[in-house]
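What follows is a single chain, given as structure tokens, in the form predicted on its own.
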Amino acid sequence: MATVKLDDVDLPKGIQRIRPLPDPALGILWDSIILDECVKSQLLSQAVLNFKLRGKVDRSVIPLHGVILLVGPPGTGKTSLARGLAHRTAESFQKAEFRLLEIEPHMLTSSAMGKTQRAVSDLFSQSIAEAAVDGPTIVLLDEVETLAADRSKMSLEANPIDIHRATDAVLVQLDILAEQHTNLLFLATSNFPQAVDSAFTSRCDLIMQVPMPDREACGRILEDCLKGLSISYPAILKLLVAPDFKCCAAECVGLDGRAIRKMVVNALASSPQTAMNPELITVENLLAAARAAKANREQGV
């Protein structure tokens, strides 16, 4: 099996990282994603049900594939949410030792004919299958459109036959793994669900939209960010009770969660004085940074 070197550890080709679960650091990620609690509850329930039900109910009754797909715009926290979900799922099962395999799809692609398909097949049939034999396993497939591209939209350029076959390999292996390993769950993400092959989405047990934050969520993200900063710079808490703080949340509508947190960094860098002493930041700094971020977004920057 081909391997790559990462942080002095040999990992099978295509696997970027292996984490033991539960992992409290991933629990922090789960808490940091500001999302309707009903959505989080449904995600966790679906993941838990995957491990409870699949080993007891025949697939002719409930044809579960063990795949959850998170879709939505970039910056909405899909990857962090998936990692946090892996932690919360493992945490739900006392005494069970879970593992999280994080896949780097770009490691698998090759311009040489046939090599992408072979790499994908080896990843699923060997690396992932072997991990599932050892115990409950959760696999993060980030940017899944890279591995399961919509075959109906492929052009006749850039080795389309090999890319086509790589998607075929993913689908075949998902079916085999679903039959043979009931203690396996795939968490896939995509910024471009329209680029994901329909045969892949048909195998998903749940497709969940991770939306852009509304005004309330923007306010909660901004508040969470400022509270985190206040651990090191306590005076920043004054912003939360400032008369115009709610206006900041309104100005953030249209920005994703990542952009809101980066906008706070831009506000801190609004002058050499605030950069040297972040406690000097004002609501006016936040408002100006939010407006600039939205203007850039509207211009496609």
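Treat the numbers as computed from the prediction; the structure is a model and nothing was measured. Residue indices: 1-based, along the sequence shown.
This protein has a second form, the form predicted together with a small molecule, left out of what is shown; the following refers to that one.
Stretch 78 to 86 is the contacting one of 144 to 152, 173 to 181, 78 to 86, 117 to 125, since its residues have non-hydrogen atoms within 4.5 Å of the small molecule in the predicted complex.
Under a 4.5 angstroms non-hydrogen atom cutoff, the small molecule in the predicted complex lacks Ser270 among its neighbouring residues.
Taking the partner from elsewhere, Ile221 is found to have a heavy atom lying within 4.5 Å of the small molecule in the predicted complex. Put simply, Gly135 is far from the small molecule in the predicted complex: not one heavy atom of it is within 4.5 Å.
A residue is said to contact a partner when one of its heavy atoms sits within 4.5 Å of a partner heavy atom; Gln46 fails this definition for the small molecule in the predicted complex, lying far away. Only one of Ile34, Val253, Leu237, Val39 comes within 4.5 Å of the small molecule in the predicted complex through a heavy atom, and that residue is Ile34.
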